[in-house]
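Only one chain is shown below, in structure tokens, and it's the form predicted alone.
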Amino acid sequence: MKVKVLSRNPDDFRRETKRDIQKLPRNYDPALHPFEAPREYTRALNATKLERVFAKPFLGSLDGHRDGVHCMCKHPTSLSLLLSGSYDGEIRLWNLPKRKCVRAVAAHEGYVRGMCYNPSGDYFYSCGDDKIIKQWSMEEPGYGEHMQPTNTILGKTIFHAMDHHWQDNVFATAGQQMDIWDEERSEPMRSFTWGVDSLNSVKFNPIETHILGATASDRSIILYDMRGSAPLRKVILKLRSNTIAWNPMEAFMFTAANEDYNLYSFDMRRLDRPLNIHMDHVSAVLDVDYSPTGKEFVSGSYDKSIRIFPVDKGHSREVYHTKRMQRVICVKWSSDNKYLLSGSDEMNIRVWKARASEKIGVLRPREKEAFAYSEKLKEKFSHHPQVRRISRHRHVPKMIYNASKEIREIKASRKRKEANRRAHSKPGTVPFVPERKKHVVGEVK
């Protein structure tokens, strides 16, 4: 004998509290919902408009420096600590949640050129125009005592940049040559030279930790292996690169910030052409830093703006600027992937949201579901003309608007001239050169 029993779960139709909204049963059969696509399109359009309405990325500024901010350094284990060095030789330690300066010390004469933490974050190093490397403890000095360096190393030449190994007690400095230092010694363990030009920046690879990348003033990007006796290889671009940043998730990828307004993403196994060219800035790009996910990076430029680029796209998804912000010298992406930090010429460090319209704070489950639903709708209708137009539109200062318009005209003119030369020349005499090969002069091994 067959017995059929009705079984109902009260959670499907009963409210959790009296103030909750009534739950309604719903049949998901698409035949019963013929207007689902138009309704979802309207929701996607409204979600895109609301995203632009709530896009307020600027969170606050850290002011206290008496000269322009030249470099910044994140703490390896703490999200709330930030180091900054300025043109007058002062180093400040900031508490980011409180937006207050915890400690300030006159560390060097002239610029503070570079700073780096050791992997545990117990102490940090700084170098400056006075040819001195100083080691500083993170412990708070006693009452009435001034912060003093725990170790001092006298160099023979000016150091332009420095970076610490991700695991070992080893750090590197860049100047007239590349020096590898052991923390226990006052002389470099190893020195690398290639050519006569000085080096501007140096960065350790976070995955292949023995690999370093450096940029030189002869327009080259040089790769070193710390275990070897000579540099590995270098690529020469048409204009000088200011700094590089390694992708924290892909061991072979790095991005270089160049003087020709572009950023170039390279695979270090094949340097003869970049993987991608990221174009949107209208002046020299001075700094670049990757997000912890390795999917995006932030760049700061001489055109007084900050841009966020997806790794696989040629154009930025976001641009940040303020009326008071001047030339952006250094940028950092916070280790929790939520905030950006920028240091600029007018003595300020600014804190920005990585996603301009993101709600800060604790989200309730229903809010999370609503945001996730909106994101999926925007992704689904992202190629619709109206949605794309609203999501892409950004207000930029008149200077950037006019400069980008001029750059577009110059590129169109060059393209037109090349097409005319090709049309009126013997076939094959004016070859097609890919855009990615135009900017590379050559690779030297």
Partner chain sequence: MEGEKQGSPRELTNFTAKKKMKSKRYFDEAGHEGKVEEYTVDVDTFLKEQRKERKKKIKELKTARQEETKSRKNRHILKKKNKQETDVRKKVDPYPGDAPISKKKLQKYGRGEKLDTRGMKTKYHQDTFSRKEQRVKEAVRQAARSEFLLSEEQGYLEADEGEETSQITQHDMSSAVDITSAQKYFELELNQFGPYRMNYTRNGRFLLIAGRKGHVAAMDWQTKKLMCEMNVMETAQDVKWLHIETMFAVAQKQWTYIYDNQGIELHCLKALDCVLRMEFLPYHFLLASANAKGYLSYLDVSIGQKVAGFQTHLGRLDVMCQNPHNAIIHLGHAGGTVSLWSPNVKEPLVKMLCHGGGVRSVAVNNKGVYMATSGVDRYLKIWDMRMFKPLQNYRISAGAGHLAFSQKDVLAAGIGNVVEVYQDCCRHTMTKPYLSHRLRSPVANLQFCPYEDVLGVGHGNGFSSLLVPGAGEANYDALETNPYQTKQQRRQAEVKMLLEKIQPDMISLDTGALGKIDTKTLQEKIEERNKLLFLKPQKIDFEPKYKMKGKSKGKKHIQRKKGVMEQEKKETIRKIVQLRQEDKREKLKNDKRYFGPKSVLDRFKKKSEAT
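In this text, rigid core is short for the largest set of C-alphas that superpose within 1.5 Å between two forms. Numbering follows the first chain given and starts at 1. Bear in mind the structure is a predicted one, so any value in this text is a computation, not a measurement.
Quick note: we don't show the form predicted together with its partner chain, though the next part is all about it.
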Can all three of Pro10, Leu32 and Glu36 be found with a heavy atom no more than 4.5 Å from its partner chain in the predicted bound form? yes
Testing 61 to 69, 402 to 410, 39 to 47, 387 to 395 against its partner chain in the predicted bound form with a 4.5 Å heavy atom criterion leaves exactly one stretch, namely 39 to 47
Would you please decide whether Lys417 lies within 4.5 angstroms of its partner chain in the predicted bound form, comparing each non-hydrogen atom pair? no
Tell me, yes or no, whether Lys56 is in contact with its partner chain in the predicted bound form, where a contact means a heavy atom of each within 4.5 Å. no
Would you please decide whether His424 lies within 4.5 angstroms of its partner chain in the predicted bound form, comparing each non-hydrogen atom pair? no
Given that its partner chain is not shown alongside this chain, does Thr429 nevertheless sit within 4.5 Å of it in the predicted bound form, heavy atom to heavy atom? no
Contacts with its partner chain in the predicted bound form, stretch 265 to 297 (heavy atom within 4.5 Å): none
Can we say the CA of Arg15 moves by at least 2 Å between the shown form and the other one when the core is superposed? yes
